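Starting off, we have a lone chain in the form predicted alone, written out as structure tokens.
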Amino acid sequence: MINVSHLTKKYGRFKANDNLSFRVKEGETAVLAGPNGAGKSTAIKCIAGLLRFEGEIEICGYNNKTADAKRILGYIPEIPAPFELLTVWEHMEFIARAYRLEKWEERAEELIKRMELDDKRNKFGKELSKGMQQKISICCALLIEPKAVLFDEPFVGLDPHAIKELKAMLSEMKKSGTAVIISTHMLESVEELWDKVFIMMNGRIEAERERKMVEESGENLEELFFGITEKRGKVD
């Protein structure tokens, strides 16, 4: 479970995140939707513990800044940042050692094959395209079998096969009880995945919808999204 309470992130006088509060339960996939500049990536980075902020964030009951929270949290950034001089396989080994994983090789092999990196296992991070680097980020984050995962624009740069596999992985995570947050400005990319959507604008959550609510009311989520996001924010 991911519990965000009164999250505020300031850059000087500017509030990139303004008093955000929401919860993602076990097995739920939540989407932070909004245009570039809405504050989505800032929120994701705060939840991941990469930025200082005001408020409280818990991952499965642990403060997000603690080692206990970090052991069970996966994070896939919008811009991949692999180690330039580690091979694809060495990235897997590095994560396994850092998290003290046991019997991790079989899962690493499975992830590498599903992301079509098997023939690139001996390539250095710096030798790979951005799409391939994004695949490494996904493999590294999911190797630890996290109980909560953060995806920041995960489909950007991925080829069709990788998108299909990632969506399948997201469905598997839902069934296993993993709490997932996906940040995106393209609602259509997560149309079949989401359980709840938080539409952000100017650092605030302007609307919250659950799938059941939308299906029962017949509300057009796309119209709601564009109705809210006609204005553009400043920082993402």
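Residue numbers run from 1 along the displayed sequence. Note that the structure is predicted; figures quoted are calculated from it, not measured.
Quick note: we don't show the form predicted in complex with ligand ADP, though the next part is all about it.
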Report whether the minimum heavy atom distance between residue 189 and ligand ADP in the model of the complex is within 4.5 Å. no
Whether residue 36 contacts ligand ADP in the model of the complex should be assessed with a 4.5 Å heavy atom distance threshold; does it? yes
Taking heavy atoms only, is residue 41 within 4.5 angstroms of ligand ADP in the model of the complex? yes
With a 4.5 Å heavy atom cut-off, would you call residue 16 a contact of ligand ADP in the model of the complex? yes
Of the candidate stretches 22-30, 41-49, 64-72, 174-182, the one with residues having heavy atoms within 4.5 Å of ligand ADP in the model of the complex is 41-49
